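Taking the form predicted on its own, here's one chain by itself in structure tokens.
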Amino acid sequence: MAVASTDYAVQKTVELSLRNRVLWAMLGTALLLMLCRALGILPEWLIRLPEWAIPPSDIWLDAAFSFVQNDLGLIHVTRFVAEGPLEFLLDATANLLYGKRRWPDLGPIPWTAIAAAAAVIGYYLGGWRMSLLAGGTFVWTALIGQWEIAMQTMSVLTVAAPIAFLTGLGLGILAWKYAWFDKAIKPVLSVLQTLPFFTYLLPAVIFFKVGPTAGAVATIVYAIPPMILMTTLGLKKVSTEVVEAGHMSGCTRWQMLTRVYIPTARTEILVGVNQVIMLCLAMVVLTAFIGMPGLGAKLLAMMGSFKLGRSFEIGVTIVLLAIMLDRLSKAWVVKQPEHFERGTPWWQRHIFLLFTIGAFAVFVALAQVIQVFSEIGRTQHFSRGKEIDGIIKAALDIDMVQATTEWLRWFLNVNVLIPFRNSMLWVPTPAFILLVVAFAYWLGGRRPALYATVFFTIVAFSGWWDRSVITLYTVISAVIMATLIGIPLGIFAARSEKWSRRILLACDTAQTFPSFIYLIPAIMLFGVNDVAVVFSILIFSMVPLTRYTIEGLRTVPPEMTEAADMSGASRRQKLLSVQLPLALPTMAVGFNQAIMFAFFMVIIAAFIGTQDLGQELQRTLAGTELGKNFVLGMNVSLMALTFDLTILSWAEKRKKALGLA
């Protein structure tokens, strides 16, 4: 026993020594390359890859896409779908919700009827507060004069979300059933979840028609991955006792799936539904870039003309819709199915369904005789965009506010952001890759280091190295600043149950905001520059950092903190020596999500005006450069995956070391 223990200790010492030597070799080589550049003796081909060494990946991909699109005739299939069943569904929902003159030519449904039905559903799922939120959201939307543009968005959402749900459910069942399919689809899902949204838009425009059809397709594809993952997870967690009970009762294979597995995995599947709804709403707003009408298009137009008051009102509507859909779907997750005694009348078993239909019918009838119950005209709405615009401008014109924002803009640009960006761009490409690989090896181990080598080498040979480095500089700057604010805020909140509840509620609410919303305060305070970009990413990525810091600290075993108290540790010693080390694996998930959020947001921030991959991706939407669009998107995805794999690998190792795995 002692010999085995000694051998293990010797083996670990040898591994640690080898790891340190490899790390120092990589760091030493990177520093040597940087020193040679500083001395002016480094060859140009080691500073940046020469043009002749960069393969024309975009041209090859364009040729491949053209072959699939034209020679194989995929364009005819996609256009048939776009102009056939998909356009038919979109026209039907558009007609019902905002009166587009198409089949079944029954719309538009009065706003009061939709608000009343939503209020009853809200009461059924979560009581009077949920009823107030659901009904009040639609009342606000109508009274503020945004009903038609909101219904343009909802008409696509009501088509995209069910299709994404059914597709994700089917693929999730296949991944659960067949291990080979699960292994094949997981890397695809990882890439899809890290691809910037612009990469979804251009293929949708090329293969489908511009407007709602392309927006619906991009939204569906974007929302499918979490549904697949949650379905697979839920089905894998079904206990063997439940399965054996199903077999003993003589269930067929189909009955086992529909009456045993899926009902038992109900919670995970409904969490997937929640994710699908929220991602669909986020994406359907962003499809404004490809001609999708609705709230996103109006917000984009208002922000482009710097009408911040109107932008604020539209932003509030988007946020209310997001919160309503999020809360309703989460309430559906936790609400258990109701069971009735045999012989209970049908109307008692479906009392809320009858109330919903009744409320809907009453307000449809009232709308036929009272015009304002049917629609709110231009002269009847309560929009105060101009007044809010004046208030915002007056607030921003206050001397102290102007002085503070101008000083921050000057200080961050001159002393922090520009020097940091220039120093990252100055580093020779091979040295930069070695530093990233060394970081991945030090934190995550050999496998993440190998992935980092491959991924960043691909980025280097893509021909967009400098743009990629600028993207990375923006992400790192924002995440560092978010860490400096989010971690202390989480530590403060974790000390009190009251403050934990308040901050977590704020985090939950902020996570439902579509990403476009974060651009509004950034533009208001800092105008259009790098500080505004970093600020918008900072407030978006600070949410998971704060949330997982609180959750990590609150889940530290109480016996550990009691032992620290008994040993006479001060509050600071207990935090640094006990609580934070045990909370780090959970906090690592927050760091990981913050980086993923930052990579997502940096592409959206291209609207403000940047010099990174997001700006180039946005330009591709004006043409048909599908190859270039894919190369740029893959660069973002590969950089994000490098950090994702590294941090998650470290978190798993840390959990095992602490006995938490």
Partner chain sequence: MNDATPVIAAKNVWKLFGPQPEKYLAGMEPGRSFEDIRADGYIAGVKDVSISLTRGEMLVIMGLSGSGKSTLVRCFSRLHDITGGTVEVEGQNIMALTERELIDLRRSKMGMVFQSFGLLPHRTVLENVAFPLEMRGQDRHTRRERALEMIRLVGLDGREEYFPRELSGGQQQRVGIARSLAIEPDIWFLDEPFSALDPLIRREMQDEFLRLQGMLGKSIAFITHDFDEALRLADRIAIMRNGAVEQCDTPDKIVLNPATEYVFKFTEDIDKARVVRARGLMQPLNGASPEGAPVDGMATIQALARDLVNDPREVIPVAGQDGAVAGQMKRQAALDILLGTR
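Numbering follows the first chain given and starts at 1. Since the model is a prediction, treat every value here as computed from it, not as a measurement.
Keep in mind that the form predicted in complex with its partner chain is missing from the display, and what follows is about it.
Listed range touching its partner chain, judged in the predicted complex by heavy atoms within 4.5 Å, from 352 to 360, 337 to 345, 384 to 392, 180 to 188: Correct option: 337 to 345.
Residue 162 within 4.5 Å of its partner chain in the predicted complex, heavy atoms: Because no heavy atom of residue 162 falls inside 4.5 Å of its partner chain in the predicted complex, the answer is no.
Distance check, residue 248 to its partner chain in the predicted complex, heavy atom within 4.5 Å: It does: once its partner chain is placed as it appears in the predicted complex, residue 248 has a heavy atom within 4.5 Å of it.
4.5 Å heavy atom contact, residue 259 and its partner chain in the predicted complex: It does: once its partner chain is placed as it appears in the predicted complex, residue 259 has a heavy atom within 4.5 Å of it.
Heavy atom of residue 242 within 4.5 Å of its partner chain in the predicted complex: Residue-level check for residue 242: yes, a contact with its partner chain.
Listed residue that, although its partner chain is not shown, lies within 4.5 Å of it in the predicted complex (heavy atoms), from 415, 555, 255, 422: After the contact test, the surviving option is 255.
Residue (of 264, 275, 512, 405) lying close to its partner chain in the predicted complex, criterion heavy atoms within 4.5 Å: Looking at the other structure, the residue within range turns out to be 264.
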